[in-house]
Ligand SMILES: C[S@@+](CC[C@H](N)C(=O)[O-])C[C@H]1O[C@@H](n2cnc3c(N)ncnc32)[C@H](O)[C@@H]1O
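A single chain comes next, written as structure tokens; it is the form predicted on its own.
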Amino acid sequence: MARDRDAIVAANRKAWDAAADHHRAHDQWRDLVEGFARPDYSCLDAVLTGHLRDLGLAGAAVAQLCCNNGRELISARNLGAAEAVGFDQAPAFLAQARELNAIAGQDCRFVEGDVFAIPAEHNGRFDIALVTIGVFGWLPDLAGFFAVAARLLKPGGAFLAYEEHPILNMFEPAQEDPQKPANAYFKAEPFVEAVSLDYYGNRDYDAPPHYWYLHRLGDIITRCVEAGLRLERLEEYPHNINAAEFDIYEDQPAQFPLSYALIARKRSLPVTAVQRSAR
């Protein structure tokens, strides 16, 4: 598993690095540059902002796993986080994150490396561990990922995922009948593709092969709990946080969920101590 996982992680890193310049070429990048030049700018929507504030964002130490160009993390810092550290394996996107951070005049840190091998020096440092749109699909090992998230958190710290709903990945908006499911929800093997990752402008280019997993919501929750995180909240939403092409699935007569927020908490006491106190 580890060897396969490492090969998949390396392939996905190459694919994301190849996408970075294409993202920089679009209006969305220019909007971020202009936005972060303004004090207290945030690109976060009302749902994610509300959850972060409810978790005590003001004065908190925040880690973002698979932070891409850092826009959400810098926004969290602007909204009052005391410390913000982003982890990602794609150096080209981390270069963009550091550029946006400088434009914002902030002090976020960005750490390059395999998300499954974040150095132990970061263990127990964070009040909030954040995951945003599209991260889970790139992970060949959910259990390993949640184990890392759990060890980064302080006792009592919160894990927050604001993600596209896995049901949405059953559909392909570009197909002839976009309302007809195209992919099985219970698909076990990853998609292996060499298609554009330019979700800003949807421009085609020769992309390195990469791997995408359709993880079921039940698997995500189970791996989260198995890592020692106590589930506090799961909310499903009818709004799309994926690429704009998926907006066609909003406002349907029979609406299915398009996104969700998962909040889980690291135990304040070791499991053995919790078990003893319950006796």
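Quick caveat: nothing in here was measured; it's all calculated off a predicted structure. The first residue of the shown sequence is 1; numbering continues from there.
The following text describes the form predicted together with the ligand, which does not appear among the structures shown.
- The contact residue chosen from L142, I133, A97, V148 relative to the ligand in the predicted bound form is I133, the criterion being a non-hydrogen atom within 4.5 angstroms.
- Under a 4.5 angstroms non-hydrogen atom cutoff, the ligand in the predicted bound form lacks V85 among its neighbouring residues.
- Although the partner is absent here, E193 is not a contact residue: none of its heavy atoms lies within 4.5 angstroms of the ligand in the predicted bound form.
- Put simply, F116 is close to the ligand in the predicted bound form: some heavy atom of it is within 4.5 Å.
- None of the heavy atoms of Y260 is located within 4.5 Å of the ligand in the predicted bound form.
- By the 4.5 Å heavy atom rule, the three marked residues R77, I103 and Q106 all fail to count as contacting the ligand in the predicted bound form.
- Segments offered: 87-95, 171-179, 119-127, 150-158. Contacting the ligand in the predicted bound form at heavy atom distances within 4.5 Å is 87-95.
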